[in-house]
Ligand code: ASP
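Single chain ahead, by itself, as structure tokens, in the form predicted on its own.
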């Protein structure tokens, strides 16, 4: 029986670092180096490895991710594994999920411990990711799973995975839903399939459209006594500082300080503005609280409700919508699917 063909694309990140003369970790390892460190890969799949870039994920951009998605679509493989840094993995995996609707697994993995440390997790995570991409259940349900993330022997949906600690080995979790599968011995143990209605709606809307270049989206985090002066500066600039949309990391179930309400309403009139929970996820309220900065008032004033999407993921979705030329009505309809 032939082994599945798995294509590994290496972007850089901690998993691909090596020490320089001072002992500081620098980008340097390529895809062949990563594969060479895990001889067991050859027993699982026919591997083709390719170095796409050697950068930390903090330096990746939307343009690079669109190019990466196009490259993945062009590959003749039974599955794809992407290695990258952890800093933006929760965002990059979601962007790829927005852009890809494939019948083959696309698995993102990374490392928290660099290769110079004892018990570096990069080789184990790469082995786990290839196991996942080659697994019959994952391949059968690839479209239903969408882009997935494999870290520390657990598999997460791109829409739900978050980096919940800056340095620990167990830095990734899906706090709302839990993992989709777990790796035990040499087995993939399925646990759940994600709810994909909102993502499928995005794919239908974007099908046959093409992006027209970067669409910067501002991210504003609401906190106690926030007056909104940065938003005032954005609105006062003739070109709105280049921003085409905004995301508000709101308090509680969708609330903002009353002193910032008027400027937020002006912002929503100027550019599409999405409200998302600063708590990190979980459906927002829609009709419980009254008052000038409540969810009822803000929704009535034209702010778009981001539902259960983390502000970082809401920003990625809004940038994608604007890049593809969707109008405010279409954007609001897509975000409604996450409520």
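Given the structure is predicted, the values throughout are model-derived calculations rather than measurements. Residue numbers count along the first chain shown, from 1.
Beyond the structure shown, there is the form predicted together with this ligand, which is absent from this document and is the topic of what follows.
> Taking 4.5 angstroms as the heavy atom distance cut-off, pick the stretch from 137 to 145, 199 to 207, 250 to 258, 81 to 89 that is near this ligand in the predicted bound form.
Answer to the contact question: 81 to 89.
> From the list 133, 111, 246, 108, which entry has a heavy atom within 4.5 Å of this ligand in the predicted bound form?
Only one listed residue qualifies here, and that residue is 111.
> If you check in the predicted bound form, is residue 14 within 4.5 Å of this ligand, heavy atoms only?
Residue 14 belongs to the contact set for this ligand.
> Though only this chain appears here, would residue 58 touch this ligand in the predicted bound form if you measure heavy atom gaps against 4.5 Å?
The answer is yes: residue 58 has a heavy atom within 4.5 Å of this ligand.
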